[in-house]
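First, one chain by itself: the form predicted on its own, in structure tokens.
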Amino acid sequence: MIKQATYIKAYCSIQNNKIDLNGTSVFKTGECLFVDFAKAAYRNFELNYPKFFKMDNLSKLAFLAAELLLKNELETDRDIALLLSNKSSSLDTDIKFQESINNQENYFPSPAVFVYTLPNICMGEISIRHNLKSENTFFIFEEFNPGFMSNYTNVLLCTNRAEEVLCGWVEYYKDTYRAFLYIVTTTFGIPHDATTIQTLFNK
């Protein structure tokens, strides 16, 4: 395999009712539940995607971070792969689905909740929005694993399986959440390696 330099083109972090883009705060609210924060962010950035309100919280979290990173890619035909990870998988939604089964007032569990009982569905929402048709993979780790993410991303890029990779961590469980997504390319940006990724993640 031919080795090639890779770079972080842009990065976005969402946690504690605040959104940072490339290290700069672009939106924040006072203390509130994630669902209210997500609605406020959607309106602040004037997004026009009504399906957003039907998504589960994990998908909303991933969608918001991806939207800020890919908003300038909407009109381009870029071969962008997706590589995401988290700790809790879709457990928050799985619990809600189980509760809908246990609810004696319902004859059938909610299909609107069931559709989100896989963590990779959030990648599907991003792909539909941005017309992405490249590879996508979702990994479950005990904690963010920058070494693995860096190596896997470099393989995708250096073997020409994608032009860019949108990758990172998107975790949601019981209203505790954290998204850290970044775009890796072979053209320009911050040098892409595990140490740099971990440094940006810790900010």
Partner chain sequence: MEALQQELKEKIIKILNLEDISVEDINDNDPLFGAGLGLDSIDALELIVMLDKDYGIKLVDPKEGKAIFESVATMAKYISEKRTK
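Numbering follows the first chain given and starts at 1. From a predicted model like this one, the values you see are computed outputs, not experimental measurements.
The next section is about a form of this same protein that is not shown, the form predicted in complex with the partner chain.
From the list 147-155, 170-178, 37-45, 134-142, the contact stretch for the partner chain in the model of the complex under a 4.5 Å heavy atom rule is 37-45. Within 4.5 Å of some heavy atom of the partner chain in the model of the complex lies at least one heavy atom of A112.
Although the partner is absent here, K28 sits far enough away that none of its heavy atoms falls within 4.5 Å of the partner chain in the model of the complex.
Though the partner is left out of this view, R161 does not reach within 4.5 Å of the partner chain in the model of the complex, counting heavy atoms only.
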